[in-house]
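Here's a solo chain for you in structure tokens, the form predicted alone.
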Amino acid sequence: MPDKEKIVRVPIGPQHPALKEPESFMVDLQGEKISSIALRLGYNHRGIEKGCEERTYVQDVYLIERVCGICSHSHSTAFVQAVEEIAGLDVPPRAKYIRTLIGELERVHSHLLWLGVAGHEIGFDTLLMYTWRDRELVMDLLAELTGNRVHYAMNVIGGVKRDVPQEQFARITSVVDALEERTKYYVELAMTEETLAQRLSGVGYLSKEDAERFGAVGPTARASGVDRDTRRDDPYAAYGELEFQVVTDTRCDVFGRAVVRLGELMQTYSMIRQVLKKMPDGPTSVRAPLKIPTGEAVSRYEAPRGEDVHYVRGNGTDKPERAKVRAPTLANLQSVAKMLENGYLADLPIVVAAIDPCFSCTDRMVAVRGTSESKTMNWEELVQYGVRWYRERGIDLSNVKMRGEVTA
């Protein structure tokens, strides 16, 4: 164990130049090396889940998009898929293809954004300028297709709001062709630029075993050799009809995470071309009831940062009884402490950035009213509190197996 007298505690955040959103990292240092790190959530809580319970399903589609500006289509698609399952709606094939098209364009703009931020965090601001310039192409295209550069508002319960006419296919293809050529350059740069490889290699190491143990998702997990992608493993929208490879890497470090994202960009360009080629004719939506039947559903979606999970429970009214979001950053944050173990303080910004965090997606808060003093709950206490809360409202969870073998 390190000599406690030599340990220096350094708070990073919740406001810090390396953090684009408020988050707190309490770092214990022995010299320049990190001996331990504690993460604290809760600085960005906005109450969106509770807000969904107080609004109609139609209103919730737009609210859910505001969970994240980068993954807005990811969240809204995951949400409407859950609602459509409860309502028993059969979404038209053309709507599924359009959802896939917008989702993959969103992946391009997200990965290019990440590549620029990664360059910025290590002082490679030329890469930031290049990638963000290229990102403008896809964001302008999204604005042409949907009317918005960020919150696209394409999804409705039962399909999509707008069609993508045939005359726009050529424009989409030209943008994809241009971005593909630019991405080839970035792939070459990553593989041949010695200073970039040396700065990122061996930094933020996360073994395959640890990635699976901590529940890492998306490029973070795939860069540690975990061959998992919801688009292939549990197909939704049009992914079951597309051919693509799940990109993995075994470097297990920040450099591997960059390689995976660049490889995913090349796969995405191929998928977009397939979508345009296979786009079926027909309607873009079906009529959905205002009141959704009683029932519950879990929807999985492979967002740019990883698997996004939405849970929705209906009670026969026009408002959901419960809406729950498990964003990919929440899954990946558990791995950050392991990645930084015995690492250097100077590596913290790029290691955190390597999971492409979205803290506004992640932050949750539990408030227990009626007590005279504040209390921090551990997992088992939180589960038991939830069991009691639902039991008082007539919901029996005694047959549900909880994490940690906690039962009702």
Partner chain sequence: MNESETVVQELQAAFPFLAGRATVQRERRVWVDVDRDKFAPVFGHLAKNLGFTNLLMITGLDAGADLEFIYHLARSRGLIANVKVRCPKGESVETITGTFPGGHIYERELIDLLGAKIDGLPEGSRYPLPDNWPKDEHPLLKDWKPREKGAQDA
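Residue numbers count along the first chain shown, from 1. Everything numeric in this text was worked out from a predicted model, so none of it was measured.
The same protein also has a form predicted together with its partner chain, omitted here; what follows describes it.
Against its partner chain in the predicted bound form, the set Arg66, Gly69 and Ala118 makes no contact: no member has a heavy atom within 4.5 Å. Among the residues Tyr311, Tyr239, Trp132, Tyr186, the one placing a heavy atom within 4.5 Å of its partner chain in the predicted bound form is Tyr311. Here is the short version: of Arg228, Lys208, Arg199, Arg273, the single residue with a heavy atom within 4.5 Å of its partner chain in the predicted bound form is Arg228.
For Asp234, a non-hydrogen atom is located within 4.5 Å of its partner chain in the predicted bound form, even though that partner is not displayed.
Proximity of Ser174 to its partner chain in the predicted bound form: non-hydrogen atoms within 4.5 Å are absent; the residue sits far from the partner. Its partner chain in the predicted bound form is not approached by Asp318, whose heavy atoms all lie more than 4.5 angstroms from it. At least one heavy atom of Arg326 is located within 4.5 Å of its partner chain in the predicted bound form. Segments offered: 276-284, 165-173, 297-305, 248-256. Contacting its partner chain in the predicted bound form at heavy atom distances within 4.5 Å is 297-305.
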